[in-house]
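The chain below stands alone and is given in structure tokens; this is the form predicted alone.
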Amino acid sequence: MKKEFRICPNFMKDRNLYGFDWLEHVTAIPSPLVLVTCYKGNGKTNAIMQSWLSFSNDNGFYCIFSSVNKYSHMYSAVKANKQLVINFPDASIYKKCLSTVDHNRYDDDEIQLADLTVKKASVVNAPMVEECFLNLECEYRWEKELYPGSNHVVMCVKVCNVWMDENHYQENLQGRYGETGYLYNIHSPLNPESGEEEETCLGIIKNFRSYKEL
């Protein structure tokens, strides 16, 4: 039976959701996990794990970050440089990518300190992560506050160049899906009746069947 959830349950009102809306946890809609990289003002690499993004096409290929905190390192670095790389890790290097949060001081070379390899992008002035199977070189286009005075913005960047590991774009080898492909953020699914909450976890996507087979 389908149930309606319009008002935040009482048991969630005092729960620390770390700035997220309660509906974020009730719906727990997966979103891709990426590592965003660019250069700091001192030339050191900046890297941050990011989710809540999607892609669009119209006279170009664009990435829409639906929630970027104005006080994050990503926001300040991208605003300063207007150029960035969106790197897609697979599960084998996820922990290394996540460790960039432990090396985020201004003088840190965040990619190298995470034991990852820096490769200079060819179109934009930004670093790429060699171990990631897909790298999107991007240029900043625009941003808009989620609402007037919000601490978060929707940010749009245009993809200018793509690098992809050949073993991943060949589906008969590693492929882009399954355990060696794209990672998804499944953010703390919550039961809105009992209050039971699952841990945030990594998700993968697998081919189900072709449209012709439906």
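Note that residue numbering follows the sequence shown and begins at 1. If you're wondering where the values come from, they're calculated on a predicted model, not measured in any experiment.
Form predicted in complex with a small molecule: not shown, discussed below.
Does residue 167 make contact with the small molecule in the model of the complex, using a 4.5 Å heavy atom cut-off? No - in the model of the complex, heavy atoms of residue 167 and the small molecule never come within 4.5 Å of each other.
Distance check, residue 154 to the small molecule in the model of the complex, heavy atom within 4.5 Å: Close contact is absent here: in the model of the complex, residue 154 is far from the small molecule, nothing within 4.5 Å, heavy atoms only.
Residue-level contact is defined here as any heavy atom of the residue lying within 4.5 Å of the small molecule in the model of the complex; does residue 174 satisfy this criterion? No - in the model of the complex, heavy atoms of residue 174 and the small molecule never come within 4.5 Å of each other.
So in the model of the complex, does any heavy atom of residue 122 sit within 4.5 Å of the small molecule? Outside the cut-off, so no.
Could you tell me which stretch in 127-135, 140-148, 82-90, 104-112 has residues with non-hydrogen atoms within 4.5 Å of the small molecule in the model of the complex? The contacting stretch here is 104-112.
Just give me the single entry in 188, 51, 161, 180 that has a non-hydrogen atom within 4.5 angstroms of the small molecule in the model of the complex. Exactly one listed residue reaches within 4.5 Å, namely 51.
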